[in-house]
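Okay, so here's just one chain, in structure tokens, the form predicted alone.
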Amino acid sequence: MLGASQAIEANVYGGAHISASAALASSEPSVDRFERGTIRRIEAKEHVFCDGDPRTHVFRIEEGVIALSKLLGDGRRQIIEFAYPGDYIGLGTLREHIFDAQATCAAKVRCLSAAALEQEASRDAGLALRLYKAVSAELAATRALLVSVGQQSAMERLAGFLLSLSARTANPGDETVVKLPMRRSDIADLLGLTIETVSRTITKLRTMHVIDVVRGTEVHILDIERLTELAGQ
């Protein structure tokens, strides 16, 4: 998955997330090819692509959230990252996708032929460099997730996730109200936790008056300094 709206942001992993969308964002004609891409509407739980599918297209998220994940042999799922509006998925050099890309809610993506984009990059050094930076950002985020899942407590992981979501999806000028466009099970599969642990940690944050949850899908951050402290940032 390729990063969101800021060049560097605090994220779920408690580190720096270099935004790949920023790496690709440009007014140059080569990037404007995406504006000529076709729009595809995705229903909740529908796949954009699956692990093993031929990599024929690159996708830009226009609406909704897409979870990139890997299904393990015993049926467990590890979500690698969530892709938000403005993010790009499907970049790379492999002939097949190595992750599943599944919508967590109704979504819309813009599609561009991977071959066409790569052909253009072979003629445009600037575009090739931006694509390189985008893939590098994806690798950095994956490494950071490894550190988070391997070393951080459940509280640190969840607090960091909420801070990341606030930085990426909150209304401009109001980072205290965060939408949760994914299920608790999706959050658990990203953070390497059980659904029960996610629910207990959310309840603990509410009891501490750090957050409040409205209608189950909207988080109000009441004490962002405390939440940052709990995330170990």
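Being a predicted model, the structure only gives us computed values, none of them experimental. Numbers follow the displayed sequence, beginning with 1.
Not pictured, yet referred to below: the form predicted in complex with the DNA.
Q: Since exactly one of His47, Arg200, Lys70, Arg41 fits, which has a heavy atom within 4.5 Å of the DNA in the model of the complex?
A: Answer to the contact question: Arg200.
Q: Is Asp51 close enough to touch the DNA in the model of the complex, meaning at least one heavy atom pair within 4.5 Å?
A: Contact check for Asp51: no, nothing within 4.5 Å of the DNA in the model of the complex.
Q: Closest heavy atom of Ser153 to the DNA in the model of the complex, within 4.5 Å or not?
A: Judged by the heavy-atom cut-off of 4.5 Å, Ser153 is in contact with the DNA in the model of the complex.
Q: According to a 4.5 angstroms non-hydrogen atom cut-off, is Arg206 in contact with the DNA in the model of the complex?
A: Looking in the model of the complex, residue contacts with the DNA include Arg206, since a heavy atom lies within 4.5 Å.
Q: Wondering, does Leu193 line up within 4.5 Å of the DNA in the model of the complex on heavy atoms?
A: Result yes; Leu193 sits at the interface with the DNA in the model of the complex.
Q: Among the candidate stretches 153 to 161, 130 to 138, 77 to 85, 114 to 122, which one is within 4.5 Å of the DNA in the model of the complex when only heavy atoms are counted?
A: Looking at the partner contacts, the answer comes out as 153 to 161.
Q: Residue by residue through 212 to 233, which ones have a non-hydrogen atom no more than 4.5 angstroms from the DNA in the model of the complex?
A: The stretch touches the partner through Arg215 alone.
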